[in-house]
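One chain comes next, on its own, written out as structure tokens in the form predicted on its own.
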Amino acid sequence: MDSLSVDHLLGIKQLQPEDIDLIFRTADHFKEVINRPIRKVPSLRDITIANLFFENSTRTKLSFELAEKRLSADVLNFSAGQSSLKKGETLIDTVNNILAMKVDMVVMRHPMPGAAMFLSREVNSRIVNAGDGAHEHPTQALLDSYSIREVHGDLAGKKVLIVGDITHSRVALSNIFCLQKMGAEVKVCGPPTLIPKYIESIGVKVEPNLRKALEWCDVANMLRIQLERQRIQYFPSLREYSLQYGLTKQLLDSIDNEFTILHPGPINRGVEITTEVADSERSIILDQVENGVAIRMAVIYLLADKIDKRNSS
């Protein structure tokens, strides 16, 4: 397989395992590129990409922008806070005005679940979902799974634990879909109030005890608490959460199981993970950041191939 089965990256749910494997193999190539003295290739010098971020973002936005520039694409950055949306313009009108400037691809983060799917049906451009509410964050899941693959080899049969606010996390849902498609086994751990009721119906087991969960896993992905998405208080305090579900060096040293530690960022040090653990040899958090650029280069490059086919048809 040398072409994606989809025209957009809207979520992991729409991808086939072969698509994920193709993205990983393409990222392998681009990881070599970004570690060369000259970190740029002319692959997309005729492509224009607009980054539309309707939510605040630092790491994801910078990672996409760097990936686009490494591929020599022309990049247009859009700030929702300074846009005509504030004056009542619809999302479709805003995007169509941008596309009238001959933009080929849109990378969008939006607070509403399904926004990327909606846009893909209404505008003539390739769409990359950079996060839609608490729904999906496909490139984060891809880079997380790619990082696990780098350390552990094949994802099939690997035991992956996701700890934290599963209910409000788009990272958790995308990770679950991606890991399951690649044959990994997934468990979640966190306060019962932050575990969705449907979770076991999609083949994910729940382990309420963090120690038991860590003794089981090959990989632990530590998520932050999504306080900005919580309308009510789901647990007594951050201190109590940290005591029950925080990963400390003391806990790490007391478990006879050398699992790998991931975190999608931003890290709330001292809450879900301590500084000692985040900066330890078990942690591949900075590798995730580097891999994020390679994965996003791969996704953009493969979707750009769809632009060529569309324009030539």
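Quick caveat, the model's predicted, so the values are computed rather than measured. Residues carry their position along the shown sequence, with the first being 1.
The form predicted in complex with phosphoric acid mono(formamide)ester exists for this protein as well; it is not shown, and the discussion that follows is about that form.
The candidate stretches are 276-284, 66-74, 37-45, 258-266, and the one lying within 4.5 Å of phosphoric acid mono(formamide)ester in the model of the complex by heavy atoms is 258-266. Using a 4.5 angstroms threshold between heavy atoms, Q244 stays clear of phosphoric acid mono(formamide)ester in the model of the complex. For Q140, a non-hydrogen atom is located within 4.5 Å of phosphoric acid mono(formamide)ester in the model of the complex, even though that partner is not displayed.
Under a 4.5 angstroms non-hydrogen atom cutoff, phosphoric acid mono(formamide)ester in the model of the complex has T60 among its neighbouring residues. Interface residue remark: N56 is counted as part of the site for phosphoric acid mono(formamide)ester in the model of the complex, having a heavy atom within 4.5 Å.
Contact annotation for 158-190: no residue has a non-hydrogen atom within 4.5 angstroms of phosphoric acid mono(formamide)ester in the model of the complex.
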